[in-house]
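One chain follows as structure tokens, the form predicted on its own.
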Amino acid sequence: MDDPFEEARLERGYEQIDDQNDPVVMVLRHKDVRKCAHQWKTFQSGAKPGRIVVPSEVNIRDTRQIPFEVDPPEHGAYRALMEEWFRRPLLPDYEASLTDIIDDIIDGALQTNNLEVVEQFALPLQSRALTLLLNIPHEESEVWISWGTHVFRSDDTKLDASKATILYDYIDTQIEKAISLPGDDLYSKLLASDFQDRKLTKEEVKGVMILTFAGGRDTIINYVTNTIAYLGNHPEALQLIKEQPEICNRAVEELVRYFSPLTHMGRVVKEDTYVCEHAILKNTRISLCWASANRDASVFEHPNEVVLDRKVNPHVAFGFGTHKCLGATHARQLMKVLLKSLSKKVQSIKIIDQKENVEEWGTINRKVGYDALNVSFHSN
């Protein structure tokens, strides 16, 4: 995967793009991305719902995603309600259940000579693993799988309001069920939570759940698909993990750095300022380009190579600063279990054919993953 941001990052440190007539200045250098991520008073997340996402989602939702689209001090208060829940992937029982899910999917993949990874492997894996995070019955994942790989997009539409409504209506229904019959799931946990001497509203719970469903969908699917493609094209990498399973944690961090499943995330400027000596006006937008920062040669030695046992790896693939990804623990655990299970069960992966998923950001084209990837798995 090439680094399409290199020239702009080296020459000026930013790139300008248009997004539905709401322009964005993409911040490209590692140090500048981290600096801007820290400066939440200047670069706001708590703007109009949907505006910090690139492409903007203001035309398909008015529910604020929580705590993603909230700034301090409220951000910290919301986050405190959820942090213990989102650390559950570190529990041994959770890891064991996740291993069972992933082993079952790999065993199924070994039974076919032509596996389409995006729809038949990555999507089911992401959806079934999400049932663990929400603590709901495994069977519910079949509903989510039926939505396809995107909850906000159709095959021919970048932002599909009618498809997004399916997710919103589904969450509304699940909230009402949890109100009528509370359980041990995330919906019930949120509804029962005390927040600043009150209960969360249904709209607030909906905001958390929209983020939980949407925020970890495309990213996990991209990571899993890219990992399968990489191991197919680099059999020596799979062999290294077999021989040295202790490098799995480093391999997870390196692969997510290299793939950067989420290209960037926006902020709204609260006051006139400068980024890379470029004037940024109040109420315009910047984006923190994680994908570019993760290939910055001033920070990473051999940034365009995968070094599975990379020892120093300050990547920003899960964000940085106040708004770092709340679901990162779940994602990391999923990635680690996937690598371990593949190394135990699979000897080699053959690439049959593929269709790349390329994002267009102005004049920059970035391969983010695959729209389709056909492979065959071969067992040990």
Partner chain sequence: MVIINFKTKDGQVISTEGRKGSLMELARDNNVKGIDGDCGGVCSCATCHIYVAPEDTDKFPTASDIEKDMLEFEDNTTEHSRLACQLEINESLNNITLTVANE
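Residue numbers count along the first chain shown, from 1. Every value quoted in this text rests on a predicted model; they were computed, and no experiment measured them.
One more form of this protein, predicted in complex with its partner chain, exists but is not displayed; see below.
> Its partner chain in the predicted complex: within 4.5 Å of a heavy atom of each of N249, E253 and P314?
Contact check passed for all of N249, E253 and P314.
> Please tell me which of V269, L240, V299, I136 lies within 4.5 Å of its partner chain in the predicted complex, judged by heavy atoms.
By the 4.5 Å criterion, the partner-contacting residue is V299.
> Which residue, K344, K41, K31, K350, is the contact with its partner chain in the predicted complex, using a 4.5 Å heavy atom cutoff?
When its partner chain is considered in the predicted complex, the option within 4.5 Å is K31.
> Report yes if any heavy atom of K189 sits within 4.5 Å of a heavy atom of its partner chain in the predicted complex; otherwise report no.
Close contact is absent here: in the predicted complex, K189 is far from its partner chain, nothing within 4.5 Å, heavy atoms only.
> Counting only non-hydrogen atoms and a 4.5 angstroms cut-off, does R310 reach its partner chain in the predicted complex?
Flag for R310 set to yes.
> Hey, in the predicted complex, does K324 get a heavy atom within 4.5 angstroms of its partner chain?
Although its partner chain is absent here, K324 would touch it in the predicted complex, with heavy atoms inside 4.5 Å.
> Would K340 sit within 4.5 Å of its partner chain in the predicted complex, counting heavy atoms only?
Outside the cut-off, so no.
> Among the candidate stretches 65 to 73, 51 to 59, 314 to 322, 351 to 359, which one is within 4.5 Å of its partner chain in the predicted complex when only heavy atoms are counted?
Heavy-atom contact with the partner occurs in 314 to 322.
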